[in-house]
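What follows is a single chain, given as structure tokens, in the form predicted alone.
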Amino acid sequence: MAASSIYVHIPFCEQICFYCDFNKFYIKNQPVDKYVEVLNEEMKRVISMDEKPSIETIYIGGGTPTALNEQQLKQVLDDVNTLVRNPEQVREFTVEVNPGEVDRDKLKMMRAAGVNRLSIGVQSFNDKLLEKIGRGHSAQEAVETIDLAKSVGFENISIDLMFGLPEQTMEIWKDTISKTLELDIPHISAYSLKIEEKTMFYNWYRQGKIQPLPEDTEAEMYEVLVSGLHNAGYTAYEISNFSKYGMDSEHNKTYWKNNEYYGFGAGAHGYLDGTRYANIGPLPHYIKAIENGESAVKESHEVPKTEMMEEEMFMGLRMKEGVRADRFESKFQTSYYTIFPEVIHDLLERELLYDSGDSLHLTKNGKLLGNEVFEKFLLVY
């Protein structure tokens, strides 16, 4: 199956969040114009202008794409559109937005360029907590950005929330959920904190300055989230993603369905022709490679069939629709019961999975113990 999705990485930020381990750089004094130029060069080398692909979803992420000024961001959007056979047929074109970093003109430019979905990094509606995690905006700025986007005509809006944060109480979390529901957002992504290496939180954790919340508290926060959003008409179509009817993120489903996609930019990841790859991360090295006519790819891994089947299981189980038997058999010409008989039967007996007849799904407990379930499908050969 040919790749029908594009991910573009913009690695610049006005402020570095304490929890973030994505490839990113403080934007001040960075060669942003040069980056936009070589990014376009990388894209044109990978996608032939004579045989432009039919693309269904585009996602501009980061970093923070809206850290770019209006002209720089417009250039990126225009360059991406030139790669696509029929830009007007792209079903979903998302740009990540930081509260307070867009005005009406920038939003109007994005709509004119074909962007039809925004993913806004809110994280919390508690100002003290926002400050503690290194966010550069207030709760009020988040609300104002959402309202401004709606006034410009954006209907497909997603916001990111975080739970399990140091010093985040259940009361603070419930208040954030309540304020989210008041805004009537069609899509919500909510992630628990993972303390990753190469972050400020990791350094402070090693020094004993912060402590993650107990797992039981984190699990309770997740259950409160699921219950609250369900009662408000949202469907948990993936473990961490909730949507009103018809408003699932089609681009993110590319990853969960284990489909191939183009990845462009410093530190971006992609999956093409059965090979996963990661681009050079450091900005000077990425720019130099492109300018020297070299590939931006730092490392690649040809995915063997056994690994593809493992990925199909632990990625697909994240979704409400689960892992469909017919899809698995179509891809691999065999049944998942043939490949993972002991694992599946064990998880069924432990009531972490259930079989609906045509697909496998996580149970409620399976979702709470998701990582344990997913690991069962690894290293089985």
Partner chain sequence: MNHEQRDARQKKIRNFSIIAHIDHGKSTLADRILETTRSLPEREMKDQMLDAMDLERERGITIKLNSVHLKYTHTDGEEYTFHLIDTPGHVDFSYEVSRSLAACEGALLIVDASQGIEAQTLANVYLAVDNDLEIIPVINKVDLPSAEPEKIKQEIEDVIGIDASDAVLASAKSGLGTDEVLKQIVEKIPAPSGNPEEPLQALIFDSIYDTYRGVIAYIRVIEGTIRPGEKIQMMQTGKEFEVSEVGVFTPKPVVCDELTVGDVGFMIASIKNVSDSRVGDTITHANKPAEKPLPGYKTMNPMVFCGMHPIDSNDYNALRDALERLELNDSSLQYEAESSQALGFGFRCGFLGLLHMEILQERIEREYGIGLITTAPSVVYNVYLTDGEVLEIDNPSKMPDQQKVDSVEEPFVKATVMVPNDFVGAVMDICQKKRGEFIDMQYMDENRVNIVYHLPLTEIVYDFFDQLKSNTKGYASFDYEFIGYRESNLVKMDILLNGEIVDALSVIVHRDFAYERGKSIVDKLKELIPRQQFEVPVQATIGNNVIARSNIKAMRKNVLSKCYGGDVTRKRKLLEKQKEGKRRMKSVGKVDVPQEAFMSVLRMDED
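None of the values given here were measured: they were computed from a predicted structure. Positions refer to the first chain, counted from 1.
What follows is about the form predicted together with its partner chain, which we do not show.
The three residues Y255, Y261 and L378 all sit with a heavy atom within 4.5 Å of its partner chain in the predicted complex. For the chain shown alone, E14 is not a contact residue for its partner chain in the predicted complex, no non-hydrogen atom being within 4.5 angstroms. Using a 4.5 angstroms threshold between heavy atoms, F314 counts as touching its partner chain in the predicted complex. Residue contact with its partner chain in the predicted complex: E220 places a heavy atom within 4.5 Å of it. Remark: R276 counts among the residues lining its partner chain in the predicted complex, judged by a heavy atom distance of 4.5 Å or less. Proximity to its partner chain in the predicted complex, defined as a heavy atom within 4.5 Å, holds among E215, E144, E302, D78 only for E215. Contact annotation: of the candidates L283, V84, I185, I239, the single residue with a non-hydrogen atom within 4.5 angstroms of its partner chain in the predicted complex is I239. Contact with its partner chain, judged by heavy atoms within 4.5 Å in the predicted complex, is confined among 126-134, 306-314, 111-119, 205-213 to 306-314.
Interface residues of 189-207, taken as those with a heavy atom within 4.5 Å of its partner chain in the predicted complex (partner not displayed): A190, Y191, S192, K194, E196, in sequence order.
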